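One chain comes next, on its own, written out as structure tokens in the form predicted on its own.
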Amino acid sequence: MKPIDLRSDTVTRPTPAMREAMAHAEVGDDVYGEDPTVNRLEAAAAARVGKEAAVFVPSGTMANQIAIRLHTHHGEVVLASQGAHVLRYEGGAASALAGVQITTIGTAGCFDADAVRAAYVPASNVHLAPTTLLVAEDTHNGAGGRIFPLAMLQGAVGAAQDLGMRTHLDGARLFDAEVASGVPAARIAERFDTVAFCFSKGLGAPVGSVLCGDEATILRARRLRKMLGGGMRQAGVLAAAALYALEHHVDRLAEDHIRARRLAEGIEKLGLPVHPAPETNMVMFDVADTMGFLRATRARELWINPTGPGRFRAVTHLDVGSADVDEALARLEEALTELRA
């Protein structure tokens, strides 16, 4: 039985063409700035989101944490969405490494200008920690791959800037937002001081993210990357995969979104509540018996992770075709029949 892995879009494997690009990558020492493939990738990534410069890092977590360090000082507060990746899935790094607190605002992964203003604390109030950075996430992982509405996003960023705050976009799945909404990534990112995005999720590369911003900011980011142990040497082998993904795997994200909707429709027909309706490549649904459902699906080589008691997330990606969706639904039906017996 062929395993069908819907746990995350991080489980993708390099395609044969991507492996070919990796095998023939021109390399040098990136810490010295001498890896030509990394340099090409950074230039292409920065241009794609409308920024001056970029730095290639091993992970999205490192990109986000470098950004937080860049924009804050110890004892300050970062505003982020409920369930934000920087708070929920980065191992407490913001407090451990940057010495900041994170306050969450908004609902379902989004917030507006009023929410930013209401949460803001100025540095003049010596009793409270000052609010100095706003982090937005697009698409929002915890909210089921939700796209941040552009007008709301721009309004929130504008309010933060009016208050003197810095702004960072956690765009780990930014190109899912671009493809699904039709809004270019550069337009989504245009008002942010920094933006990060990943190559190792929907774009299908094995490793890597970039942090983009103006040249002075990214120069500082390179020092922080070194401090955090992210300075890679002949990294062109990895950069070649990321560059291939950026050039060849963005438009095909639409296929993942179509398959997510098809999966959601099938899950609903099996009697399971799906909410919210998928906007990109994630399907969130409910099953009362968490452990029973896990046992029944994994016995059938169907891999879907819970996000909480009775709550599951299935993610479509490069390695899941239309036939896999149909087969996943067939295995789901078998698993549910077993549970309901």
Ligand code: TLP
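Residue positions are given as counts along the sequence shown, with the first one as 1. All values derive from a computational prediction rather than experimental measurement.
The form predicted together with the ligand is left out here; the points below concern that form.
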Can you pick the stretch from 121 to 129, 185 to 193, 255 to 263, 136 to 144 whose heavy atoms fall within 4.5 Å of the ligand in the predicted complex?
136 to 144
Heavy atom within 4.5 Å of the ligand in the predicted complex - the one residue of C110, C198, A94, A221 that qualifies:
C198
Which listed residue (A239, A172, L211, A245) meets the criterion of a heavy atom within 4.5 Å of the ligand in the predicted complex?
A172
For E90, is any heavy atom within 4.5 Å of the ligand in the predicted complex, or not?
yes
Looking in the predicted complex, any heavy atom of T316 within 4.5 Å of the ligand?
no
Considering only heavy atoms, tell me if P278 and the ligand come within 4.5 Å of each other in the predicted complex.
no
Look up in the predicted complex whether T15 has a non-hydrogen atom within 4.5 angstroms of the ligand, and give yes or no.
no
Scan 46 to 72 and write down, in order along the chain, each residue with a heavy atom lying within 4.5 Å of the ligand in the predicted complex.
S59, G60, T61, N64
